[in-house]
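Consider the single chain below, provided in structure tokens and representing the form predicted alone.
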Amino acid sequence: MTKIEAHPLIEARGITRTLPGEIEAVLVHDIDLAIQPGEFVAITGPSGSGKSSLMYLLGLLDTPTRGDIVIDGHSTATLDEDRKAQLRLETLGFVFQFHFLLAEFSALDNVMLPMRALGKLSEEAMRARAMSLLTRLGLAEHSHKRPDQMSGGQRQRVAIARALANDPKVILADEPTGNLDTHSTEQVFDIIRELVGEGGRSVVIVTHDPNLARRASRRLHVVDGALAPVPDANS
């Protein structure tokens, strides 16, 4: 029987991102990488190294000046913004350092937002899925609460539930524990790690914490906007 090789879920092909000006600022320089199904990848690097800029490019939240981002086999180089937005909703889930929950909405309604934007489920089905995700993350009794009625760790777990709303193939997390205490950091990191491999799902996490990065299955190190050798175990 012929083995069918799975294509990468995200592939960066020679991507560069610059900011125009009297002196051109290079955020990301000539990066090639591939994220395979079921991978847990940590992106590390010094502050200002370009690791978050790289994450935004991989998640189609920014556009490379040169090169191409291929999402689940689809080149995005010539896609308009509407098609990119659709691809994000269908394929990618996002978790950020600051949860970006809508303050006036309950936890349940915040989790339903990506499903509403995608528009594939009925109201009843959206509500049931959102409640199921919150229950899985230990937040069933907080589903009616607004963000200001929850702790930082609880808010970040709501953000993870929201990221999972459309059952994405890739979760992209930018410093998701950077604003949390030690206990909440471990909770959130353990949840993120549990998501790896479910249905072939991959997780890509930007973190400044080498102890968390070492627990990923692969580490990418960014220095001055380019991929660099990963520091040794003591770094």
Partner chain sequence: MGLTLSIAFTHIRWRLRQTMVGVVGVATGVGFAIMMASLMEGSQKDFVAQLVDGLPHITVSDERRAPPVQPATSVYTDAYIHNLVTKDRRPGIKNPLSVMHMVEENLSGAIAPSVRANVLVRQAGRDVGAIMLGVDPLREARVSNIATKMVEGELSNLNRASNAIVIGGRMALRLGLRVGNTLPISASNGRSIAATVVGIYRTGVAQIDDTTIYSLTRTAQILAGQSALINEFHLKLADAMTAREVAQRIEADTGYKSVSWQEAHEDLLNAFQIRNFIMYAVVGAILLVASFGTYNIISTITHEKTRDIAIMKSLGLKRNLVRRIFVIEALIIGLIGMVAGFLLGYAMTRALALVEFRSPFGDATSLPVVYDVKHYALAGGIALLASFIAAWLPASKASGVNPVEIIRGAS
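All values derive from a computational prediction rather than experimental measurement. Residue numbers count along the first chain shown, from 1.
Not pictured, yet referred to below: the form predicted in complex with its partner chain.
Residues placing heavy atoms within 4.5 Å of its partner chain in the predicted complex fall in a single listed stretch, namely 81 to 89, out of 67 to 75, 150 to 158, 130 to 138, 81 to 89. In the predicted complex, its partner chain sits within 4.5 Å of a heavy atom belonging to Leu61.
Although the partner is absent here, Ala117 sits close enough that one of its heavy atoms falls within 4.5 Å of its partner chain in the predicted complex. Taking the partner from the other structure, its partner chain in the predicted complex has no heavy atom within 4.5 Å of any heavy atom of Glu124.
Its partner chain in the predicted complex is not approached by Leu108, whose heavy atoms all lie more than 4.5 angstroms from it. Residues of 99 to 135 placing a heavy atom within 4.5 Å of its partner chain in the predicted complex, in sequence order: Phe100, Leu101, Leu102, Glu104, Phe105, Leu113, Pro114, Arg116, Ala117.
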